[in-house]
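Here we start with a single chain on its own, the form predicted alone, put down as structure tokens.
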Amino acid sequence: MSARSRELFGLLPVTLLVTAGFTAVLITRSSQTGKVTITYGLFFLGCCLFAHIFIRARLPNADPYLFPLGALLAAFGLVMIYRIDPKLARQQAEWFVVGLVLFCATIVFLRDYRVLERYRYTIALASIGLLLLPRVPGIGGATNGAYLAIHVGSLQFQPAEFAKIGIVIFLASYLRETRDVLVRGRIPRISLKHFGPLLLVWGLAMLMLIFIRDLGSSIMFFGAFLAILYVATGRISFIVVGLAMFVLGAIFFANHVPHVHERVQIWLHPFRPDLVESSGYQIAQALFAQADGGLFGRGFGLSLLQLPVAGGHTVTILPAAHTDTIYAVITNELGLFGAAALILVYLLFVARGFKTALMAHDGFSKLLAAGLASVVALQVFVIVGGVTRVIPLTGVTLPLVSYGGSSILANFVVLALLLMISNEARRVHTERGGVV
């Protein structure tokens, strides 16, 4: 079976999942499930078939599993968001279509992704500018203490979602050029010129802790950098030094910056009486929801997110269920087994990204694919780790699953870049007589 036929075969169960998921949610609300649920499934199948035909025409040698895995995550997210709020699900479906358009535009207009190397400093400056936008008066503002989004008219946009791609492109390009110096040199003897990226990204991560108060993004950016650095040099000493620098910086700011200190206190003591009804309410309720789900969950649409009170009003039991704590809703309704299945899909997606890096034939492609796969893995770790209280809870979204236009658009660009790298790698491999 050809690669493209395997891709098409992989998209069919995704469409069935959409139909079955919407049916399960609607059954809990009404008995009218027939035409509506089939329409949802056919709409999603149409979008996926369009993308499949486009990939078949433009990237015939691309990895056959990356797009079906991405579509599976997006489909699962649509079902869960519909279960939480049908209006948000309609908006997410619109962003999904826009994401597909951006996915195609990236492949059409960026014919050779290696041209990005020429503009690495411009891309790095633009990415840093994007990260600082939420602090610009008039368009930026704090949400739960962190500066994550900008507001332009009725639109809300999280610049960090696109900045992560730019930072990875810059690091992949820079380390491709300096990796030989870093591999041969000893840490005390490496010049500031070549050790600069480590200090720059460390400073950027610390800046994000102080200036935009975004702990999740700082972990994600610095972790992705260490992953790329290790792929480029193979030296564990750099990782140890980098982790030590980040931990020391985080400890310092946790003791001296009030916002970071509060986040750490919520993480360590979420059930403390003075926190559990105020700033610790969200993480405490998320932990209760996961415990309530057990091994098999309560079932689609049966999680209790709001409680009716007198006067026709409702009280929110699980805040930000469509974004920050969507993993808690999934665990509550599908249980530990369902949540583990979702993590497995992410692991398969990241594994295909790393396989793309292994098959690539030039340094920039290897580092770019490894960096993009790492940043997706770290983003999942940050949000799942935050909801399960492994690390402090942050405002990072679950890629392709959580509600959010900027998140789904940025992750479609990541998917397009990975497919472009895999197409080139597998084409060269096939021409040399290898098996892919």
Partner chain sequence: MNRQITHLFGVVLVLFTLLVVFTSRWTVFEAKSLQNQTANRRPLLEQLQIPRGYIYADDGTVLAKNIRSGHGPTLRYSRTYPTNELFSHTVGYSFISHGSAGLEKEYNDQLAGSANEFSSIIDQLSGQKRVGNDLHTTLDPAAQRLALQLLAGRPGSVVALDPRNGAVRVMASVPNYNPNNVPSQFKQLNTDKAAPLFNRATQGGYPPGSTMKVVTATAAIDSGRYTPNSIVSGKSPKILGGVPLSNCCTEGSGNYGPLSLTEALAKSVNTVWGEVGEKLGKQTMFKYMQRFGFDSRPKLDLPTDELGVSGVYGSKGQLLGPSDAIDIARVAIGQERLRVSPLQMAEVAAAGANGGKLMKPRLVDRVESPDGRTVDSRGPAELQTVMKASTAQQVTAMMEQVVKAGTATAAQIPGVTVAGKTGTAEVANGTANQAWFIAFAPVPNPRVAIAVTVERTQGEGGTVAAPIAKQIIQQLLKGNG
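Just so we're clear, the structure is a prediction, and the values are computed from it rather than from any experiment. Numbering follows the first chain given and starts at 1.
The discussion below concerns the form predicted in complex with its partner chain, not included here.
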Checklist outcome for this item: Students should find that, of 249, 140, 242, 363, the residue having a non-hydrogen atom no more than 4.5 angstroms from its partner chain in the predicted complex is 363
Next on the checklist: Within 4.5 Å, heavy atoms only, which of 125, 108, 291, 115 is in contact with its partner chain in the predicted complex?
Outcome noted: 291
Item to check | Residue stretch of 85-93, 231-239, 255-263, 160-168 approaching its partner chain in the predicted complex, non-hydrogen atom distance within 4.5 Å | outcome: 231-239
Next on the checklist: Against its partner chain in the predicted complex, would residue 65 count as a contact residue? Criterion: heavy atoms within 4.5 Å.
Outcome noted: no
Checklist entry - With the cut-off set at 4.5 Å between non-hydrogen atoms, does residue 390 touch its partner chain in the predicted complex? => result yes
Checklist entry - Would residue 222 count as touching its partner chain in the predicted complex under a 4.5 Å heavy atom rule? => result no
Checklist entry - Is there a heavy atom of residue 59 lying 4.5 Å or less from a heavy atom of its partner chain in the predicted complex? => result no
Item to check | Non-hydrogen atom within 4.5 Å of its partner chain in the predicted complex for each of 227, 287 and 351 | outcome: yes
Next on the checklist: Just to make sure I understand: among 58-82, which residues lie within 4.5 Å of its partner chain in the predicted complex, judging by heavy atoms?
Outcome noted: none
